[in-house]
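We begin with a single chain expressed as structure tokens, specifically the form predicted alone.
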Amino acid sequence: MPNFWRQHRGWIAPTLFIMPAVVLFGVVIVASSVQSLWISLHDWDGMSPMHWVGLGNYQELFRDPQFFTSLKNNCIWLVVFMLAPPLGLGIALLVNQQIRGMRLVKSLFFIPLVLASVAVGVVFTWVYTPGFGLLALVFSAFGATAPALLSDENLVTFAVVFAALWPQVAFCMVLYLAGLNSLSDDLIGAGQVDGARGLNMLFHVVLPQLTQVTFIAIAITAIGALRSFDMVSVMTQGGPFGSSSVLAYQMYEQSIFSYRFGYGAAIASVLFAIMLVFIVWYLSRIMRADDRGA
């Protein structure tokens, strides 16, 4: 046995370390995804025996106006959330300056990141409350009446997205701060020698070194937008009249409240397929970047 270990420890040791993660991933992610796909092919209330319906749930799904409303709202989340990386970069550049009192400013921008999403949702619900919310106070200072954002089916999704954007910007800021602290002093010095200043330094010296950070920020932001749930649940419960629902919340609503686990699983499968397309694109870009680096 000792001889066997010495001869093969080059692959045995890494395997022993990796196996727990592989088993956990297989059980929690792969097996759960396969089971969800299997459930989506059945009519099931969660308790009684499942009845095979094949693609019936998917056919109903693509005839459901609420599904397309939820899908549209997910697209709105995705587009608005793309503001997070550039805003995070701008704030990171600001708070990374060696100015007295900037540590306090950095801490204030960092606060949203450590708050639970539920807390953020509750805070912004108060902010948007007509009559006594912060938004109402600002409008009243100019002699105007604040709109009831969470009751307007045309504005409610944007109100919820901008509330969720606050902690997402803080997250991107932290990513960019880490990237700024790892910049090459030699490249920056060379840029200064060549006369690079201001925007020229930013676009030609700093940003090229932050390419990987930017890619990670965009990927995590996009995934966060696609799996949005908690803010919708806390602030609107999908209302009014389902106008602010997203795919994840519609899946939850159909499964838990309507006892339609097969239909909810079909929504989950469609959401997984959308995210899988993005993940495949993301991994292909990473592999191409590694190949170029090699």
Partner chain sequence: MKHTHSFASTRRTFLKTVGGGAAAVALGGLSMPALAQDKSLTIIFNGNNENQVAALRKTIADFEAATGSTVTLNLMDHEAHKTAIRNYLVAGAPDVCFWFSGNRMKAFVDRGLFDDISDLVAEQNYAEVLGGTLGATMVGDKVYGLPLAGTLWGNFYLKNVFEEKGLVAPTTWEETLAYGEAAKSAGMAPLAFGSKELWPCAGFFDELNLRINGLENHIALMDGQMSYLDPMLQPVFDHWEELINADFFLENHTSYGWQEAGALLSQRKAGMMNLGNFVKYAVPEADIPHLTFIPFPKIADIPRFEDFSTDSIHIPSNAKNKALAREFLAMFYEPENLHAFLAPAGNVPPRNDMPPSDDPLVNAAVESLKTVAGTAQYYDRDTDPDMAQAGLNGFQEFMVHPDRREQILTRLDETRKRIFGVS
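Positions refer to the first chain, counted from 1. Remember, it's a predicted structure, so these values are computed and weren't measured experimentally.
Not pictured, yet referred to below: the form predicted together with its partner chain.
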Heavy atom of residue 234 within 4.5 Å of its partner chain in the predicted bound form: yes
Residue 42, heavy atom within 4.5 angstroms of its partner chain in the predicted bound form: no
Residue 140, heavy atom within 4.5 angstroms of its partner chain in the predicted bound form: no
4.5 Å heavy atom contact, residue 241 and its partner chain in the predicted bound form: yes
Position in contact with its partner chain when the complex is considered in the predicted bound form, options 148, 218, 83, 78, heavy atoms within 4.5 Å: 148
Residues from 46 to 62 in contact with its partner chain (non-hydrogen atom within 4.5 Å) in the predicted bound form: 47, 48, 60
